[in-house]
Ligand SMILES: Cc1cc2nc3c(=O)[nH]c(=O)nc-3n(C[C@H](O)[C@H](O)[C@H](O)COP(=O)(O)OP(=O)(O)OC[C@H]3O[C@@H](n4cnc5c(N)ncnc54)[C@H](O)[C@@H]3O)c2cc1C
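Below you'll find only one chain, the form predicted on its own, shown as structure tokens.
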């Protein structure tokens, strides 16, 4: 038998790269393999004609207890976004309503005076959560009232999951919010209790950052730090148990004591022929299309701010628009603008099959409606994500229970990635820490 590796990580998306980085920090012998020739998974940076488009995540909040040390360990340089990143908008009632990242957010025109009054009553609302899974919309309207709850649940669902707030599980998609109510009987009272429990002096408030050189360079930096412990173009065809170890078949046969499968559930199932892996089927997702809109600043005029999300009352295929060149000026040449529009999702899944021309026509028309200006781009890019963004629906936590059982029945087999316990970059970093703890304890 060939040498046995401590841990083989299958998949070099950020979930796999973070897990390997943290295991390496702890002195474990780890190897990352990936079927493609580049790390990062769906994260990439498209650089053309002076524009840099991030078709997936492009920002993160730092400092963060898990993400900050992992980025540093992987040699990933970061920089602050422009101050304008603190200003965000909701497109509702045929206008943009500003939502500052400060207590002034309560003054937003996105919610009526009556709606604000009902929100203010949240700490005094006595409402028991249902015994079974609760949707995001049900939770928010129960706590904040119909108007504000409908709006907030909609923009949270579409802005993060491209999903439907009526079918997303609040416990799976936003567990921290559920925990606030569980702790104090109120989201507001729970948040106040958490703030008061913070050590003094208070930790630095997280701020928006971007990776220098883009997400593609960030992934390459993490992979480069791994050195020869990162193997691209290594397509795994099967993972099976052989004695006390795992046999990983690909261009060559590897043996490992532990295997981290950092793939989406359906891809994971395809390489586990001897595992009862029916639990890995049927995980829903929302297909999306990311559209880059670039041009001279006067032809693509963008307001100050991070971007806007479309409210539930807006008839549009676009979920939101990010003002990329405003909060990250390096993403467009001087004197030029770049916007990133996300379309499709759970509300309009068929958009992914539209022609480029139809998508671009809809996007520019909706931007003009939202911003109240004329849009004449000279550079466009359409990127389709057919597999889409994982949706943590009302069945998600039951499926996670199945994953837990699968791991218990197969000691040393661990599942990771954005399909399971959080889709954000910070969530993947936290999951990497948990995985490293589990492996270290064993």
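Numbering follows the first chain given and starts at 1. Owing to the predicted nature of the structure, the values given are computational and were not obtained by experimental measurement.
One more form of this protein should be noted, the form predicted in complex with the named molecule, which is absent from this view; the next part is about it.
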Each of 33, 58 and 234 within 4.5 Å of the named molecule in the predicted complex, by any heavy atom, yes or no?
yes
For the chain seen here without its partner, which of 40 to 48, 398 to 406, 22 to 30, 370 to 378 has a heavy atom within 4.5 Å of the named molecule in the predicted complex?
40 to 48
Contacting member of 314, 326, 210, 290, with respect to the named molecule in the predicted complex [4.5 Å, heavy atom]
290
Using 4.5 Å between non-hydrogen atoms, is residue 310 touching the named molecule in the predicted complex?
no
Closest heavy atom of residue 430 to the named molecule in the predicted complex, within 4.5 Å or not?
no
Using a 4.5 Å heavy atom cut-off, state whether residue 263 contacts the named molecule in the predicted complex.
yes
Might residue 271 be said to contact the named molecule in the predicted complex, defining contact as any heavy atom within 4.5 Å?
yes
At 4.5 Å, heavy atom to heavy atom, what parts of 374 to 395 sit next to the named molecule in the predicted complex? List them in sequence order, or say none.
385, 389
